[in-house]
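In structure tokens, the next block holds one chain alone, the form predicted on its own.
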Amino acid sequence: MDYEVIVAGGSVSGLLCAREIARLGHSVLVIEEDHEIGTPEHCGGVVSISGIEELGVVPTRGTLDNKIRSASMISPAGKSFTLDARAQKVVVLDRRDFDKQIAHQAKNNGAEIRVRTSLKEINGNELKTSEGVLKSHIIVDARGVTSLIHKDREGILQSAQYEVYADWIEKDRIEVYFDQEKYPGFFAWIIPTHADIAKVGVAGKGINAAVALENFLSQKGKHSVVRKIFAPIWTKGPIKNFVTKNIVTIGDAAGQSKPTTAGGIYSCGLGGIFAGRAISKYLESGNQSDLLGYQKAWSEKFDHEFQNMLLARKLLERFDNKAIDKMFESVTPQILEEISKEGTFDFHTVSLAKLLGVKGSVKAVQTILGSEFRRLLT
């Protein structure tokens, strides 16, 4: 065999997987189809400091673009409320720098990394790549949402995200805009990275994301666009099997991004770590149950919350703009204080349930979803 493990995909999950495998003394190669680790930056880069630390990464000064103090939610009619994010210690990462930092960890542990090398075909233990045929005991699929497109298109939404310069950007406040007509099933967002600089994006079911984003920006006011990125996102939750024979699927390719926001630095990153440790154990024992331990570990950590997120997504998808506006009208300062203290930053389902359950909106929600809403609150 050329390598004990080959990881196809050099994003957070793939690099963390390789880091763990190499750390435990096994030969591993990461192949990345793009010309550089960390590009293009598909995600918003929002994560908590505690989440980064659990991934075993101490971010450098260059990795931390910004610290977030609050998040404002805006309804279709322009009603809004703001959540305090200071308790959660939320930051915005420079994903290019962050991914390179993990790549350096993996390399220092003994992993090999090759860019501009793409996976073409898998045949047993052989991988046909753009650079020739390689052999490996275990193949890790960390290629992101593109791995899911041919399997199930139902959970995929189109997104567009621009890097924008504008004086209407608030440096320490994220903005999230809900509108089921413009961004059905999702939302528009502004994630500030520096003073007057932000990642501005939209996603939604059945929309032309580029046109929707251009319209959103034109309504915000004068701006300059310095980078454009278009990418599919996955909102349907984890796939059924993370392990099939000698192929291990991780990160976005395994549906490990959050169904509510499509964010996945933490959940996908831990998927890579759990997979790397399970693969190493399997290589030493030859026991398939050790390999399957990866899915067990990830499920124990995330299954309950992901099921709640899927219910929350179902709730939001069935709301029309009138219902969303009514919900926003019902939010009280007491509810916001509770959410800011106990919820995680990006729409934790407990927080969402509180918002949906405030006085004035319970009856409307129960009419729409009946028992599903009661399940979400239990």
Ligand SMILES: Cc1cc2nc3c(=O)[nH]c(=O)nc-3n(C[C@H](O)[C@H](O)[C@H](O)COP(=O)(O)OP(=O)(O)OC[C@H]3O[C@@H](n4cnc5c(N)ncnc54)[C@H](O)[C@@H]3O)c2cc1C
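For every residue, the number given is its place in the sequence shown, counted from 1. Not measured: the values here are computed from a predicted model.
The form predicted together with this ligand is left out here; the points below concern that form.
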| said: With the partner left out here, check for me: in the predicted complex, does some heavy atom of residue 100 sit within 4.5 Å of this ligand? | reply: no
| said: Is it the case that residue 33, even though its partner is missing from this view, gets within 4.5 Å of this ligand in the predicted complex, heavy atoms only? | reply: yes
| Proximity of residue 161 to this ligand in the predicted complex, heavy atoms at 4.5 Å | yes
| Though only this chain appears here, would residue 76 touch this ligand in the predicted complex if you measure heavy atom gaps against 4.5 Å? | no
| query | Looking in the predicted complex, is this ligand within 4.5 Å of a heavy atom from each of 144, 251 and 262? | reply | yes
| query | in the predicted complex, which of 238 to 246, 275 to 283, 117 to 125, 103 to 111 comes within 4.5 Å of this ligand (heavy atoms)? | reply | 117 to 125
| said: Just to confirm, with a 4.5 Å cut-off on non-hydrogen atoms, which of 134, 169, 233, 139 contacts this ligand in the predicted complex? | reply: 233
| request: Taking this ligand as it sits in the predicted complex, which residues of 169 to 207 have a non-hydrogen atom within 4.5 Å of it? Please list them. | output: 189, 191
